[in-house]
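Next up: just one chain, as structure tokens, the form predicted alone.
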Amino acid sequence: MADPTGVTVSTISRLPKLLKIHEAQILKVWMDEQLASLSRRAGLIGDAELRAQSKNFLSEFHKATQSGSLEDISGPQWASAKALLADICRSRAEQGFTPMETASFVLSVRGPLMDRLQQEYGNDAAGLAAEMRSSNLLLDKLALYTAEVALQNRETIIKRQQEEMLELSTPVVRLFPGVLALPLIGTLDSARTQIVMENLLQKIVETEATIAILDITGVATVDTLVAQHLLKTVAAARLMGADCIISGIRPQIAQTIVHLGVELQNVATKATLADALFLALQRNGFSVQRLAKESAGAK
């Protein structure tokens, strides 16, 4: 946009000079407003960290505006400011801030800046209007950039948490020397099957187990895809020298497997984990006997 002389607004902007002279005062007003805001989440970020982020952003904002480019934040002059915002986004995403709340951090400096601009321009309404329009557009672009980066960070955190939950939801338990158990709960999809395989195979190597029990008592439904995932896990365990027993076959699941025509390829199946453990001990040459009451009492 140009003024009557034909000079662009960004060229004659007083914002860089204003920030240089009044940066400390703007920071103070901005911090006071943030600390007093009803939407402030003090439980997520301390006053000292908030002050440091505000001071660093205002400093980088000032440096970037000195280039005279207030319309395009994609240039190298804005690289440092955007890098700082990206760091703030990562930090706040870890702390639990939403992308909207993180973007609001940038927008919250608008008030102190506009107040200072009004004092700077005085009765020059045309100059003030042009400057405020330019500054508002600049802050909006930075806020949109911040929201985008914050959203990406939040998605990354959610994905990482999902992976961690998958690992925690597939524990491999050593029931007896040479016998492992892998209780499965919930949905068994491709991603989780891969984790199941990795955990099971690693445990087979560590314990030199010869039998692995896959307990599907906690699996709500078994369809063709779930059955295929189970067979892949069984095949992988066999390649490592361990046989598999599938336990937790409820009547409904048995009917579903038969209806689907799924072949379990000579895989032993049992109704309960206890039955599967009993079979595993037999295969390893152990026998289970009930102690006589007299013997039990003597002990």
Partner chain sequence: MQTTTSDRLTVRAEEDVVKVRQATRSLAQKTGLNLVDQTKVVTAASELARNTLVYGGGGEVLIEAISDGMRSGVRLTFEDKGPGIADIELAMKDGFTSGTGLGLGLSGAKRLANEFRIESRLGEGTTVVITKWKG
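Here, rigid core means the biggest group of C-alpha atoms that superpose within 1.5 Å across both forms. Please read all numbers here as calculations on a predicted model, not as lab measurements. Residue numbers count along the first chain shown, from 1.
Not on display, but discussed next: the form predicted together with the partner chain.
> Tell me whether A181, N199 and V234, taken together, all sit within 4.5 Å of the partner chain in the predicted bound form, counting heavy atoms only.
No: no residue has a heavy atom within 4.5 Å of the partner.
> In the predicted bound form, is there a heavy atom of the partner chain that lies within 4.5 Å of any heavy atom of T256, even though the partner is absent here?
T256: yes, in contact with the partner chain in the predicted bound form.
> Within 4.5 Å, heavy atoms only: does Q252 come near the partner chain in the predicted bound form?
Yes, Q252 is a contact residue.
> Contact with the partner chain in the predicted bound form for L50, defined as at least one heavy atom pair within 4.5 Å: yes or no?
Answer no; every heavy atom of L50 is more than 4.5 Å from the partner chain in the predicted bound form.
> Is there any non-hydrogen atom of Q118 lying within 4.5 Å of the partner chain in the predicted bound form?
Close contact is absent here: in the predicted bound form, Q118 is far from the partner chain, nothing within 4.5 Å, heavy atoms only.
> Which one of these stretches, 69 to 77, 139 to 147, 217 to 225, 100 to 108, sits within 4.5 Å of the partner chain in the predicted bound form when only heavy atoms are counted?
In the other structure, the partner sits against 217 to 225.
> Just to be sure I understand the contacts: of V262, A268, A271, V29, which is the one whose heavy atoms reach within 4.5 angstroms of the partner chain in the predicted bound form?
Selected residue: V262.
> With the core lined up, does the C-alpha of I26 move 2 Å or more between the shown form and the other one?
Comparing forms between the shown form and the other one, the I26 CA shifts below 2 Å.
> For R250, does the CA position differ by 2 Å or more between the shown form and the other one when the superposition is done on the rigid core?
Yes, shifts by 2 Å or more.
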